[in-house]
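Okay, so here's just one chain, in structure tokens, the form predicted alone.
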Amino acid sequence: MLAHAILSGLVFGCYFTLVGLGLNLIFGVMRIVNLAHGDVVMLGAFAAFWLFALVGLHPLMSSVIVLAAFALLGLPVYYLVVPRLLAARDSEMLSIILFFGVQQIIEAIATIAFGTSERSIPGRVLGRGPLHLLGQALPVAWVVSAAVSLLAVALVYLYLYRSRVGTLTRAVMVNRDEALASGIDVNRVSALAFAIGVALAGLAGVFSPFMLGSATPAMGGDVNLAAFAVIVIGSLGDPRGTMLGGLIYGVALMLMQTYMSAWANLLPNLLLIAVLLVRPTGLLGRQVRRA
């Protein structure tokens, strides 16, 4: 049971890394808190569900469509909202208030449009039978979802550390004012990062029916809590810590569900409190600040 819990936790950790990555990228570049992040994940889940239910589109194909569509959606949202937020005296607090309102609107509209019933996609769509890894049997849907998550994380890493625009993005993350003074088009860099963050949330939503069991309009709050736990564990404001935070969260979640299932729903809160009390900067906070 212990070996299965740890291996399952690592698989889930890869997925939760994807869940938190977009949120952390947006905060790292713009220092705004997107409380609508979980509801964007929810919209991605329903997009994948309806594409499968109506036209029989495979979730892997849906992931490409959702990724592109949500990135295109993120650009006008950025230009309509974020520059005004960043011009405010306390942009972080204002962003919490604003995106909380956006979250409520999205959830209300989704409830009216889709109802309150749970929607899911059969796991056999991604593969039949269990997959044996290190002597443990895991659902193929979990492994495929984790593999896609790792691919997305790798692409974000290449974007941040192996491209010119990624270098500019990291400069904005370190100090926005200095980046602006050095001639970097901060607005364009931020718009791209925001679009990528929204696209990553939509992609996480595509695979949420397989990893979280189902999709409902009310799932955004729980997804938000898990995403914040992941990024706080690693390092708030820098995507490099998200992978570590996701793996720790995934393993802890599976251990709790295996040995203390009645307390599993409290795990995000317990991890957030523990990390904030012991190491408020996150486990990689010191290394990030020196980078």
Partner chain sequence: MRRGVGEYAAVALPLLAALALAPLVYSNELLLFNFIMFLILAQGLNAIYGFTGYLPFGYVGFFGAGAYGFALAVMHLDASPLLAMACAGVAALALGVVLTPLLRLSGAYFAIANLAAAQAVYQVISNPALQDITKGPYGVTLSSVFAPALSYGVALGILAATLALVAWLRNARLGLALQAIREDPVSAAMAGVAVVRGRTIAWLLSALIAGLAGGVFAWHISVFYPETAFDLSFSIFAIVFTLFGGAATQLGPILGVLLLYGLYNVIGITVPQYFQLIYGVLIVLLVLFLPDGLASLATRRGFRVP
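The term rigid core refers to the most C-alpha atoms you can superpose between the two forms while keeping them within 1.5 Å. Numbering follows the first chain given and starts at 1. Bear in mind that the values here come from a model prediction, so they are computed numbers and not experimental data.
If you look for the form predicted in complex with its partner chain, you will not find it shown, but the lines that follow are about it.
Engineer: Taking heavy atoms only, is Leu98 within 4.5 angstroms of its partner chain in the predicted bound form?
Structural biologist: Because a heavy atom of Leu98 falls inside 4.5 Å of its partner chain in the predicted bound form, the answer is yes.
Engineer: Contact between Ala262 and its partner chain in the predicted bound form at 4.5 Å, heavy atoms?
Structural biologist: Ala262: yes, in contact with its partner chain in the predicted bound form.
Engineer: Is Ala45 one of the residues lying within 4.5 Å of its partner chain in the predicted bound form, judged by heavy atom distances?
Structural biologist: No, no contact at 4.5 Å.
Engineer: Please tell me whether any heavy atom belonging to Asp90 falls inside 4.5 Å of a heavy atom of its partner chain, as the geometry stands in the predicted bound form.
Structural biologist: So Asp90 counts as contacting its partner chain.
Engineer: Please identify the residue among Ala147, Leu72, Val165, Leu94 with any heavy atom within 4.5 Å of its partner chain in the predicted bound form.
Structural biologist: The residue from Ala147, Leu72, Val165, Leu94 that makes the contact is Leu94.
Engineer: Which residue, Ala191, Ala179, Leu85, Ala199, is the contact with its partner chain in the predicted bound form, using a 4.5 Å heavy atom cutoff?
Structural biologist: Flagged contact: Leu85.
Engineer: For the three residues Ile105, Leu276 and Pro280, verify that every one has a non-hydrogen atom within 4.5 Å of its partner chain in the predicted bound form; reply yes or no.
Structural biologist: So, yes: the whole triplet contacts its partner chain.
Engineer: Look at the stretches 153 to 161, 73 to 81, 167 to 175, 182 to 190 and give the one with heavy atoms within 4.5 Å of its partner chain in the predicted bound form.
Structural biologist: Only one stretch passes the 4.5 Å heavy-atom test: 73 to 81.
Engineer: Taking the rigid core as the frame, does Gly9 move its C-alpha by 2 Å or more between this form and the one not shown?
Structural biologist: No, the C-alpha position differs by under 2 Å between this form and the one not shown.
Engineer: Core-aligned, is the CA shift for Leu225 between this form and the one not shown 2 angstroms or more?
Structural biologist: No, its C-alpha moves less than 2 Å.
Engineer: For Leu266, does the CA position differ by 2 Å or more between this form and the one not shown when the superposition is done on the rigid core?
Structural biologist: True for Leu266: a C-alpha shift of 2 Å or more.
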